[in-house]
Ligand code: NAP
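Only one chain is included here, represented as structure tokens and corresponding to the form predicted on its own.
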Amino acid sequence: MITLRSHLGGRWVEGGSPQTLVNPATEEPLARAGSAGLDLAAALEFARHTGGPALRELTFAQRGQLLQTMADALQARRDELLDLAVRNGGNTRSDAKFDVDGATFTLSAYAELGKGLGEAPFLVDGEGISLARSPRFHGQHLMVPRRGVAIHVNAFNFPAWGLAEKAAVALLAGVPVVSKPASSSAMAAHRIVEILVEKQVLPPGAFSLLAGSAGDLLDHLGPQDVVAFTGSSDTGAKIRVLPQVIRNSVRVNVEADSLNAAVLGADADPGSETYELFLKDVVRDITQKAGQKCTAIRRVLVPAAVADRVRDDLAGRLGAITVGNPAHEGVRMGPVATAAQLADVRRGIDLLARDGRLVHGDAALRPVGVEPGKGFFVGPVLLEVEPGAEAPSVHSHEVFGPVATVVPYSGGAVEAAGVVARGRGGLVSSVYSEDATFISQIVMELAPFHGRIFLGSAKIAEMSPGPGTVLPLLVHGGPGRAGGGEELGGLRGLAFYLQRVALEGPRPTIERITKGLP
């Protein structure tokens, strides 16, 4: 069993009080990680005063090249990272690719953005503004790197992509990173940092890793620091009210729970291409990574007239999914991440069943390639509620596993969107229809409640990765229950790590500054 050390202050250090990481399919101990006794205040100071200046000396194009070098280094060790994702994450190889390839793709995407920004060390925000009758009195907004550190607290479900998507944006902005992966699945994240350190890809202090508990990391936040958190809404709420966050007005971005919905339009007849795309996307979101995706479809809204057909079609496809040890060929869905996660999923299924009816799910599941009683397995579960039922748990409780509920709706776009809105904000909802009027109406109704809306259509079926895939050029986040945050979105993501400042003065002086002249 290996020990996952932290990389802080430019060196590898081992902490105490370790937690054991296991293979969630076999429960075999794999590694241990602890952070007790580590000087996290000193680690943050090293990142601020060593990593920060080194990044700020670089132009956007140079920082972009660093990101591409990171992507190339990880791509060269792709098979090794995939193996770790299978063993420690319970991922099938396909799910592992979704995570690892998502990491390298996002790094490369932001590398390309950096290249496009060129040799500037800061961003000019908009056009200059004349502030008086004379054009000499001038105003201009700039966006410059903050002088703090970006603390990234990542969830267990995407140890590679979660690390890379946050780091890509922060590093391109010129802000050093301290990344804290979830302990239970930290082996892939740890190996990523080992690879980057071995290759000496980044300047000292530009990227640090905390393996194990967060300890007192957030007790040392300063007014130039930022925190990006992915996880439960309860933990996100606790971070927001930390005394040092309030006292120092620390920027906090939270991505939390989300009861994502898929809405089938009345025009998408069973058997049509749009209907088939809808079924495919719902089944994939239920089963991919055992449903452990923040973007997974949790509520399946369908016209009441075809609800029974949709239910039966989904149940039939879910029944064909082979569940078991993802290391075995033919397995299409692995376990959930931890024993605690399994218990949460089972409690959640029982809760949802009180407001509806279980229509697919095998309590006597026998996972393939696993000793009896071992592993954190639950099969795909589908529930349904009666047309018009309030079903409060379905619209208030996210089961973070392979679970979805069919919710019949009557009426048109406004009625369907009203049902979706009961979820109080989400990361993404999807609409499957070819009816332009229905689509336009429901998009405007859904938009205030979501960070992203996916329009499923036969026109894009062959090229679409589905609503569950987060793309680096589109924003990721959502209002209300989803945390109120916003990540990625191409250059939009940089704003979280940059300080907007308004320059006011003589136009020639300001123009010299914006052109980088002395």
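Note that residue numbering follows the sequence shown and begins at 1. Keep in mind that what you see is a predicted model, and the values were worked out from it rather than measured.
Although it is not shown, the form predicted together with the ligand is what the next lines describe.
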Of these, 155-163, 271-279, 413-421, 367-375, which stretch puts a heavy atom within 4.5 angstroms of the ligand in the predicted complex? 155-163
Can you work out whether residue 167 and the ligand are in contact in the predicted complex, taking contact to mean some heavy atom pair no more than 4.5 Å apart? no
Using the partner position in the predicted complex, report whether residue 213 sits within 4.5 Å of the ligand, counting heavy atoms only. yes
Partner proximity in the predicted complex: residue 427 to the ligand, non-hydrogen atom cutoff 4.5 Å: yes
Decide whether residue 229 counts as a contact residue for the ligand in the predicted complex under a heavy atom distance cut-off of 4.5 Å. yes
Verify the flagged residues 181, 294 and 476 against the ligand in the predicted complex: is each one within 4.5 Å by a non-hydrogen atom? yes
In this chain shown alone, the residue from 255, 95, 225, 384 with a heavy atom within 4.5 Å of the ligand in the predicted complex is 255
The one residue among 406, 342, 239, 318 placing a heavy atom within 4.5 Å of the ligand in the predicted complex is 239
What residues of 409-424, in sequence order, lie within 4.5 Å of the ligand in the predicted complex by heavy atom? none
